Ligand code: CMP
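Taking the form predicted on its own, here's one chain by itself in C-alpha cells.
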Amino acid sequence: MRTLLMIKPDAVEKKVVGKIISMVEERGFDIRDMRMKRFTRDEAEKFYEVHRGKPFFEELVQFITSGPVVGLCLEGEDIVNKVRNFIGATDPSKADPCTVRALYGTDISRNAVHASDSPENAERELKFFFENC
C-alpha cells in the first residue's frame, strides 16, 4: 500500500524539509519517490476538491499555491494510518509531542504537512506528483 506525505509551503519556507525527511527515514517508512513542485490554482482546487464549498476552501487553495511543496510517496503495510499518526493532529497545539505537526506546525492552517486520510484519497492524491507511484 502507498500514501502521500506532502511537506507544505510553510515547512519549505522554514527550511525543515530535510528534518522532516530524516524523521520519515528514522521512523522506517519506505520512500518510493519524491518530488518538489508548485501547485497551480487549478491543481490546488482539484487537490482540495473534497473541501469545495467549505468556508476554508479558498484559504487552503491560496496557501498551497503560495510556495513550493514536496511530495513523498511512502510505501508499507497500513501506511495511511501509520503516517497519519506520525504527523499528528491537524491543530499542532493538540498534536502529540514529537509528531511532525507538533514540532514544525504553526497553527491549524500552517501545519507543515498533509497526509492522505484513506487509501482511496492516497491513490488520487499521489497522481498530483507521480505517474507511477
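Counting begins at 1, following the sequence as shown. Small disclaimer: the values here were computed from a predicted structure and weren't measured.
Below: the form predicted in complex with ligand CMP, not depicted.
Proximity to ligand CMP in the model of the complex, defined as a heavy atom within 4.5 Å, singles out one entry of H51, R32, R38, K46, which is H51. Of the candidate stretches 103-111, 71-79, 38-46, 22-30, only 103-111 has residues with heavy atoms within 4.5 Å of ligand CMP in the model of the complex.
Ligand CMP is not shown here, but in the model of the complex it comes within 4.5 Å of a heavy atom of T90. Although the partner is absent here, A95 lies well away from ligand CMP in the model of the complex, with no heavy atom inside 4.5 Å. Of the residues in 1-25, only K8 comes within 4.5 Å of ligand CMP in the model of the complex through at least one heavy atom.
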